[in-house]
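What follows is one chain in structure tokens, specifically the form predicted alone.
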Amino acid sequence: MKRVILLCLALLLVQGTAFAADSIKIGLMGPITGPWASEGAEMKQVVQLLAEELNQKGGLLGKKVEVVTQDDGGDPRTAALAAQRLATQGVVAVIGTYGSAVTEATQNIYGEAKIIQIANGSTAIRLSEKGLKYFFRTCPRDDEQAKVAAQAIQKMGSKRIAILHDNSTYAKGLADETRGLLEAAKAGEIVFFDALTPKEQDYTTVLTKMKSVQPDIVFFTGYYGEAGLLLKQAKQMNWKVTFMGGDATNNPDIVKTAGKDAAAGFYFVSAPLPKDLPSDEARNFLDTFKKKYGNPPNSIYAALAGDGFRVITQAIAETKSTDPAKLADYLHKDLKDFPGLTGKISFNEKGDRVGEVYRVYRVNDEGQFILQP
């Protein structure tokens, strides 16, 4: 009887190995839990749906595509552990993640394992300045975002400018870039430049400090959770000032936190929202997504994760290989104007997306995000 059990276990092991060999594994690392869980949930939905569609068409290289998901919790330490787990699970590439500091904690792990990483929401400049062969991103960089933010601030005619960040890799970088551009253009005076502490619940102290220097506009470069509280508490203080945010404030939860009245009039810089994507590929996919999940995706970062999945599967199909060096070379040199969900995609030698992507949005009285001309 013991021999029979051992034989069965051996057969199961062989079958499991055979099954694994018949699939191409692509990792997804995102904030499935934690403060950015709404982003992670949609990232997972989009990538899984794209994998299902691809498998219905026969998969890749005659094999099924399997998505292996790890939760980074929106935290660098958790992300490092998630990356180590993915690196041992036979993944060809990893899509994600959302936050720049979270991605930075994983870059060397994937680089040393020779695993392609395609970030979808990590815009910090320094991520692509390290000479990492296997790092790419479908989102643009903060220096591109800062240009659009500085132009928008100048267009509004703001003369006294407050810039508030949260000391994260992303937020501090965007704040520094924007300040530099405004100062170089001699576009108004930076009357306040400081940081808040993320995940707190009371920001009246920093709001009071900013109010005392009488800015025309407050540019907050942190994330949507803190942005919602800033808007809510500024309204409670009866402080009527224009607020603008970076792309990390682009999330419907900002309206839930702030309330429609407090959120109305808030501007933010972002890649186009899913509803504003112009391509046929995007419209067709959004229709499919809505049929499966009941509503279209709210977040552009989910679509950018989808683009990460689409470019890596395109690379595998075109090279007929899962060799990381061949895939990286293809993405760097041969992928040109790929029709992504978020527009045409090409990468430069650093793995950065080429081309202008950012737009300016305004929140209306109904809490809707309206693309500005």
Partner chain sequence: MEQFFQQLTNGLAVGSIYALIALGYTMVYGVLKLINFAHSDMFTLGAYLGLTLLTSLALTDHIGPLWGTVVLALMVMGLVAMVGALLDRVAYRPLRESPRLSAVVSALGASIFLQNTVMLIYGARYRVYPHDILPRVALDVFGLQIPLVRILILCASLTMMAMLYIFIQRTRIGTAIRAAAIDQGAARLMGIDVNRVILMVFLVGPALGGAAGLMVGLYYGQINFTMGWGYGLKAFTAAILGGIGNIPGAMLGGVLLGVVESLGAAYLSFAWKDAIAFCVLILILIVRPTGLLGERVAEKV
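Numbering follows the first chain given and starts at 1. Bear in mind the structure is a predicted one, so any value in this text is a computation, not a measurement.
Just so it is clear, the following notes concern the form predicted in complex with its partner chain, a form of the same protein that is not shown.
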query	finding
Contact label in the model of the complex: Ala258 to its partner chain, heavy atom within 4.5 Å	yes
Contact flag, Glu183 vs its partner chain in the model of the complex, heavy atom cut 4.5 Å	no
Its partner chain contact in the model of the complex: Gln214, any heavy atom under 4.5 Å	no
Partner proximity in the model of the complex: Glu177 to its partner chain, non-hydrogen atom cutoff 4.5 Å	no
Candidate from Leu49, Ile32, Val67, Leu335 lying within 4.5 Å of its partner chain in the model of the complex - any heavy atom	Ile32
Single option in Tyr224, Phe219, Phe136, Tyr98 placed near its partner chain in the model of the complex, where near means a heavy atom within 4.5 Å	Tyr224
Output flag, Ala195, Thr208 and Gln236 jointly within 4.5 Å of its partner chain in the model of the complex, heavy atom basis	yes
Listed range touching its partner chain, judged in the model of the complex by heavy atoms within 4.5 Å, from 280-288, 114-122, 259-267, 152-160	259-267
Any residue of 284-317 that, in the model of the complex, places a heavy atom within 4.5 Å of its partner chain	Asn295, Asn298
Ile254 and Ala37, C-alpha gap in the model of the complex relative to this structure (3 Å or more)	farther
Pair Val255/Gly99, Cα separation in the model of the complex versus the displayed form, closer or farther by 3 angstroms or more	farther
